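Have a look below at one chain only, the form predicted alone, in structure tokens format.
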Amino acid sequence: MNGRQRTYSIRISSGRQKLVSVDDFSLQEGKITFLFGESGIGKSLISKAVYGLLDPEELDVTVNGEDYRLFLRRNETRAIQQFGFFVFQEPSTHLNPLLRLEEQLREGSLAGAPSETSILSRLWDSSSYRGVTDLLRVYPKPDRPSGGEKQRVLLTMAFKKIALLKDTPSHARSALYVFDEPSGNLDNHFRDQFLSILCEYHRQFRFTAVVITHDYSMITSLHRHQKDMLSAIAFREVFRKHQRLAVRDFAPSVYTQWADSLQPAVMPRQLSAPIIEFESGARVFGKTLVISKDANGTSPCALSIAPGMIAALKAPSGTGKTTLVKMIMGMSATARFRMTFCGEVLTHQMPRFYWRKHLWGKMMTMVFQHADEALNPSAAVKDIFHGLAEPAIRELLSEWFPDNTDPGFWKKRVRYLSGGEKQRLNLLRSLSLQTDLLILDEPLNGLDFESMTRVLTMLRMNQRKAQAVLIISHNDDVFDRLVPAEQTYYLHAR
């Protein structure tokens, strides 16, 4: 049975800079709250404030009008920290580089929790625990284990902590479990594994949890695989309202009906010569990248996209999708490849300045998965658009940034934007260039629902103007509907 509702008014600032101001952040005890909203809007800061993780020496914080130091002394806050768990978006924040992973899985209170074997085997999708034991002997380093492996270890620790609720006192039920972007480094299969374990544990222990995410496709996964849990789940969305944050209920049907209504992109009636043909068999980092139109890779073929076509490239995380598109962009110095682009043969031997002088931003452009890779942090917002007249820039910015119509925003430096604002700017610039080829690497990452719809609308407009588009995305909800099956390619590393 669900308990009381906890409501928080939170103010967070650093010096003169206001970071968060929200009046109506609420959690229903005994429910899992999925908290949506664009990247960098403040979801993590709000959750850290409630959990008691912010440092009152570094930030000025009040919760419900109370100084944060007093809030941290409250019994409820202490219970959250003692019995709860916070899975950080960046797992390295939590993992100790001086302890093996196996030691950290059994450290402190986790020593009394049930064995982690079954959780690990499900998160690694392995029928044998032995495949994970070598990894557990590793001391965490920046490059090893991988981000996805670290994240799964941290999720395992959280589930072990939840399992302790079986033998803890009743006031431990006020604990809070926070999962900050838990699927950020996971593909759809392992995302669903995480959701399955989360729901399975909630059926047993009825704990209070927050799942922070901008992955709206979780809604579809829950409706498809965890229908019996929907009454125990609240979907909420953080958004900006008059330079402040607000939180509203998000009706799952808004997303599911929108996704169901998506139609495949209409392909040109008469196919022209391909804009690009990238040959299968490229070599990089000692691997051969095989491209095929069948998921098993039995019939290698070139990646071919004609004007006005939208194609998708699929593969499990870590296979080399981003590496391949960086070859197309002439950004991978260690690779060996061959492609035909706009009738010209290009290989790894072509000097990089050729791409820079003749192709980048003129004939091909790429939206990187992380906007910081593409945007100059010192540039003003209006200055990242090349070749567009100022009235056109203003019109685009007012449409894509409706809460920032003040001219001061146009002069704002990129480094001061939130993650979601940078991604919107990154997409808007690339979409507005209308080059022959547009490559999108996880284009919906970090966006709120309204921004996702704008991206797809502009993408269809560009496609109708004969732009060739290549998409890499784990969001099968959207792009399996948008991209025709005959234009879906699979990548295999051998």
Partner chain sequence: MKRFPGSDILWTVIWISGLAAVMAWDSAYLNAPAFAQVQEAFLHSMIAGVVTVVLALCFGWIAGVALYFFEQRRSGWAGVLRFKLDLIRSMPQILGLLTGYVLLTFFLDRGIIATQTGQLLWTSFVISIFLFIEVADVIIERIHHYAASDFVPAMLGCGIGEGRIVNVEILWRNCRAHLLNKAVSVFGMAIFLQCSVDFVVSVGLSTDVNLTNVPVTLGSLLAKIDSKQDVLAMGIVFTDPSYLPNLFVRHLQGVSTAFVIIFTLLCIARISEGIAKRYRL
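Positions refer to the first chain, counted from 1. Each form is matched to the other, and the largest set of C-alpha atoms that superpose within 1.5 Å is called the rigid core. Since the model is a prediction, treat every value here as computed from it, not as a measurement.
The same protein has a further form, the form predicted in complex with its partner chain, not shown here; the description that follows concerns it.
Student: State yes only if every one of Met331, Trp360 and Ala374 has a non-hydrogen atom within 4.5 Å of its partner chain in the predicted bound form; otherwise state no.
Tutor: The answer is yes; Met331, Trp360 and Ala374 each reach its partner chain.
Student: Only one of these stretches, 462 to 470, 39 to 47, 426 to 434, 445 to 453, has heavy atoms within 4.5 Å of its partner chain in the predicted bound form; which one is it?
Tutor: Residues of 426 to 434 come within 4.5 Å of the partner.
Student: Can you check whether Ser378 is within 4.5 Å of its partner chain in the predicted bound form, heavy atom basis?
Tutor: Taking the distances in the predicted bound form, the answer for Ser378 is yes, it comes within 4.5 Å of its partner chain.
Student: Find out whether any non-hydrogen atom of His386 is located within 4.5 angstroms of its partner chain in the predicted bound form, and reply yes or no.
Tutor: Judged by the heavy-atom cut-off of 4.5 Å, His386 is in contact with its partner chain in the predicted bound form.
Student: Taking heavy atoms and a 4.5 Å cut-off, does Met364 contact its partner chain in the predicted bound form?
Tutor: Although its partner chain is absent here, Met364 would touch it in the predicted bound form, with heavy atoms inside 4.5 Å.
Student: Do Trp400 and its partner chain share at least one heavy atom pair within 4.5 Å in the predicted bound form?
Tutor: Result no; Trp400 lies far from its partner chain in the predicted bound form.
Student: With its partner chain left out of view, choose which of Tyr255, Phe86, Phe368, Phe159 has a non-hydrogen atom within 4.5 angstroms of it in the predicted bound form.
Tutor: It is Phe368.
Student: Tell me, which of Arg356, Lys241, Arg73, Lys166 has a heavy atom within 4.5 angstroms of its partner chain in the predicted bound form?
Tutor: By the 4.5 Å heavy-atom cutoff, the listed residue in contact is Arg356.
Student: After fitting the rigid core, is the C-alpha of Ser299 off by 2 Å or more between the shown form and the other one?
Tutor: Superposed on the core, Ser299 moves its C-alpha less than 2 Å between the shown form and the other one.
Student: Please determine whether the C-alpha atom of Ala333 is displaced by 2 Å or more between the shown form and the other one following superposition on the rigid core.
Tutor: Ala333: C-alpha displaced by 2 Å or more between the shown form and the other one.
Student: Given a core-based superposition, decide whether the C-alpha of His348 shifts by 2 Å or more between the shown form and the other one.
Tutor: Yes, its C-alpha moves 2 Å or more.
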